[in-house]
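Shown here is one chain on its own, the form predicted on its own, set out as structure tokens.
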Amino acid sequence: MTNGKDNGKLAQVSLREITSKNLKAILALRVTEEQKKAYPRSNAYSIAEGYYPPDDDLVWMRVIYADETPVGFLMTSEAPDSGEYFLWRLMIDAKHQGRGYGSGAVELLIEHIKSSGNAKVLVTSHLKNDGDAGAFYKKLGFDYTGEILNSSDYVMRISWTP
């Protein structure tokens, strides 16, 4: 667990499994209308994609909680044998943004990955028109690789190899 701020007080951020008890809450989470233009996929779409991924990598999906409130969703594609991880989705509900929950969730993700014992790299990307995401990831230790996918997706990574 890590901390975020909820109405001025510290909230415990945690990553929890998706269950029948929290599924409706996850499906109700939404980003801002402006963010939907860049990231139109819903959590329902992401969960379905997680169960039917485009490749053979493992998918790890978690609900981001602030204390006992679901506030976001996180999904990775993982190849633990090679030590490679990809942060595929990170979303914080519009009503809960700006409180440190996204940062807390990524910090917990990094702890999860490092605990595998074979962590080499965590990769993510953001769209060209979402420069704020780049600044967000830079604060967490990601660096740009110089790679651009589909002429608009800027690739970033944290590497733990010497």
Ligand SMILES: CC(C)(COP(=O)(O)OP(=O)(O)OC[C@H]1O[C@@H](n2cnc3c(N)ncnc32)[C@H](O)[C@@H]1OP(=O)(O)O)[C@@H](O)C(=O)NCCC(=O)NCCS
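One rule holds for the numbers: they count along the sequence shown, beginning at 1. What you see is a predicted model, and the numbers here were worked out from it, not measured in a lab.
Below, we refer to the form predicted together with this ligand, which is not included among the displayed structures.
K.L.:
All three of 35, 133 and 137 touching this ligand in the model of the complex at 4.5 Å, heavy atom to heavy atom?
P.N.:
Verified in the model of the complex; spot residues all in contact, yes.
K.L.:
Specify the contacting stretch among 94-102, 114-122, 55-63, 42-50, defined as having any heavy atom within 4.5 Å of this ligand in the model of the complex.
P.N.:
Careful reading of the contacts points to 94-102.
K.L.:
Does residue 74 make contact with this ligand in the model of the complex, using a 4.5 Å heavy atom cut-off?
P.N.:
Outside the cut-off, so no.
K.L.:
With the cut-off set at 4.5 Å between non-hydrogen atoms, does residue 31 touch this ligand in the model of the complex?
P.N.:
Flag for residue 31 set to yes.
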